[in-house]
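Take a look at this single chain in structure tokens; it is the form predicted alone.
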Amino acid sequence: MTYDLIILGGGPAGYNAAERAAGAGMKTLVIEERALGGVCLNEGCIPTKTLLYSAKVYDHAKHGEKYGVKTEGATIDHSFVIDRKDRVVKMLTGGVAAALRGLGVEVVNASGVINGRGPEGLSVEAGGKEYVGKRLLICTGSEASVPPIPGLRESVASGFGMTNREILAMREIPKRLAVIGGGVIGLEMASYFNSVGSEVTVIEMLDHIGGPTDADIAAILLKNYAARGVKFLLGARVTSVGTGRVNYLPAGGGAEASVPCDRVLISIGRRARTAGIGLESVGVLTERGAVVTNGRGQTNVAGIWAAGDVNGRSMLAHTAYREGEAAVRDMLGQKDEVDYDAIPSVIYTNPEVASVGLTAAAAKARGIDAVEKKVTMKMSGRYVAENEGGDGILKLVAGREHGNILGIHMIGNYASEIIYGCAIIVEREMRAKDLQKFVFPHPTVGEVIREAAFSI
């Protein structure tokens, strides 16, 4: 049998593309070596949010006196939280499998390797069998980066060191947790374990946390977590990992120091998973280990597309969904292209951080004449009612001449649910004067967007 489409990888890009392709009448095969849903559903987005929600409930129980609610003796059962996480994941992965079955998508649970192109099409081997497709979509995702720091790989082998996969299965709460990396994964896990009682130290090589997050917002987030007891070592370079400690060089030089800890989370970043899948057999081009694609998901080889983390462009689950859809539409001859300047991102800490589009610094780096306006979230009555002592802000970045919105960035709870509307604003290139005419429901936190627009 020759398939219309073979998809290598059943993560967000792969399974969503399979649904779209099968729905359009394409005979589709998905090859996935681990579990449908990929890293996001099994070892990333959903498991972390499940843990973080439990931590938020626990925080509310412990600190409800600010709102007139007093709870005595609140405790958290971390093992129960992990069990609940497993139930949530099982339910959602089962839903993905059922949706694919309902659409007639075939699924092979095996590692897939591209063999090359034959007279019938593209050949992929999986589980000792050969499968042939007219088209191929590569969605092999990414894996945690474990750089060659002395002792780091050995720490993972011994169980002392963990990536996102291992920490989300850990059933004990470590007394002291060291987190190498102050990006999204590191901060979210630091947030959870700080809430449930660990002494958390975040070691970050940059002079700020949150990666490309707006500098003012990153500083507010750091201040909030430092006040809760999280220790941040910024500008620090990890030199080695030993038994019960992480060694580092502090910012500005000086003698090597150590962070004593019971467990270490390695969250230095992720890398595209391209090794060993046979890209060389068909000549697919890679750069810095990631498959090179255009906005339609096309690779340099006719009949082969790639979507999701494997292309290294955005490495977010929702970007993967969009890329998979764009690739399938391109296969069907429909016009579509991903707008990477309108991809929202969220850090699910407490408070939440969300952003879309350019920061003022990024606009300047592109040579764009832009203006930045900052307003406090306290301009929203609902924010004040629900966030005693909150210090959230919202920033609008707009073109100076026309007032077109280039970016929206915020810190404050509900940010994750507001940012999708901001993505539409950025993608549609709306202007500040357009936002001034929007009618926001009152009272909502999102009203601050309109207030900020009047300051442009």
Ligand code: NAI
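On a predicted model such as this, the values are computed, not experimentally measured, just so you know. Residue numbers run from 1 along the displayed sequence.
Although not depicted, the form predicted in complex with the ligand is the subject of the following passage.
Novice: For the chain seen here without its partner, which of 153 to 161, 311 to 319, 96 to 104, 81 to 89 has a heavy atom within 4.5 Å of the ligand in the model of the complex?
Specialist: Of the stretches listed, the one contacting the partner is 311 to 319.
Novice: Of V196, I203, V259, L222, which residue is found within 4.5 angstroms of the ligand in the model of the complex when only non-hydrogen atoms are counted?
Specialist: Residue within 4.5 Å of the partner: I203.
Novice: Quick one: from G186, G133, G141, G112, grab the residue that has a heavy atom within 4.5 Å of the ligand in the model of the complex.
Specialist: Result of the distance check: G186.
Novice: Given that the partner is absent here, does R117 sit within 4.5 Å of the ligand in the model of the complex, heavy atoms only?
Specialist: Because no heavy atom of R117 falls inside 4.5 Å of the ligand in the model of the complex, the answer is no.
Novice: In the model of the complex, is there a heavy atom of the ligand that lies within 4.5 Å of any heavy atom of A236, even though the partner is absent here?
Specialist: Taking the distances in the model of the complex, the answer for A236 is yes, it comes within 4.5 Å of the ligand.
Novice: Give a yes/no on whether I149 approaches the ligand to within 4.5 Å in the model of the complex, heavy atoms considered.
Specialist: Looking in the model of the complex, residue contacts with the ligand include I149, since a heavy atom lies within 4.5 Å.
Novice: State yes or no: in the model of the complex, is some non-hydrogen atom of L122 no more than 4.5 angstroms from a non-hydrogen atom of the ligand?
Specialist: Outside the cut-off, so no.
Novice: For the stretch 262 to 280, which residues lie within 4.5 Å of the ligand in the model of the complex by non-hydrogen atom distance?
Specialist: Counting only heavy atoms within 4.5 Å of the ligand in the model of the complex, the contacting residues of 262 to 280 are S267, I268, G269, R270.
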